[in-house]
Ligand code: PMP
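Listed next as structure tokens is one chain, alone, in the form predicted on its own.
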């Protein structure tokens, strides 16, 4: 990377190994395909695409479909290449060099990268000795540093902690800073409050088709906020970034969201069973409202899983995140762990 500027010299590529064989529980993906009705509709619509034309740059029909789902106006919605692109755009649109960004830590690793790319200073808010975050600690840090941007991921990736709507409102109302509310995993939680962003001038909520909607392959995310904030994102976002195919697939999925409810319920039920089993095995397990579980155990357990072609996410020695799989996949994982005890 000899051409990289010096301020970025310590950065390394974000990487997740492509695995095609075995039990894949490392990337917070859905363990099952979208509902068959959704897939059938997608197959029919794709045959009618004019592949020689650019995509709709304004994603008009997809914005309308998302707006109908949440009973908001299309002007309050915009779409990007995953919620990652939209978050990156917000960082670039809002922050000057040396501006302050505050976020709970550990959380989504790209937040810090996005801050570094614009020369902003990322101030972490750590949890207690068990990595449990406290909203009052966040508010105290906000008062101390006067940030321009505050990040809240709920349920938090990778720990799974869920902040209630009341807790989030408490953070929002403590500051004039822009709040980036990352709700990628909220469909697995107690309550989705993504339209809270329309009640405040300083909130943008971010959601994705990659998790509960089981469509990470199409790379589509969306933001909901007041029109001024949506216009700001659209002013910076790259043109034609969301492909025609991705727009069609995402629109079909969100129009059939009710068909996903059974799948989501299955994952939540499996999450609770997996949590209890891991806890009964004596592991230090974190309560989660996402589609994954954060767990601390000796690296020998991961080595045993790898030997059995079961893949989970390792953050560092002794620290792991397990995506909730199907009943079969979870039972296989538990079987290996039990045999290693």
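Numbering follows the first chain given and starts at 1. Given the structure is predicted, the values throughout are model-derived calculations rather than measurements.
A second form of this protein, the form predicted together with the named molecule, is not displayed here; the remarks below concern that form.
Of the candidate stretches 71 to 79, 235 to 243, 203 to 211, 167 to 175, only 203 to 211 has residues with heavy atoms within 4.5 Å of the named molecule in the model of the complex. Contact between residue 153 and the named molecule in the model of the complex is found at the 4.5 Å heavy atom cutoff. When contacts are judged by a 4.5 Å heavy atom cut-off, residue 184 counts as touching the named molecule in the model of the complex. The named molecule is not drawn, but in the model of the complex it has no heavy atom within 4.5 Å of residue 159. The closest non-hydrogen atom of residue 219 lies within 4.5 Å of the named molecule in the model of the complex. The contact with the named molecule in the model of the complex, taken as any heavy atom within 4.5 Å, belongs to 87 out of 87, 196, 125, 230. The contact with the named molecule in the model of the complex, taken as any heavy atom within 4.5 Å, belongs to 111 out of 133, 163, 188, 111.
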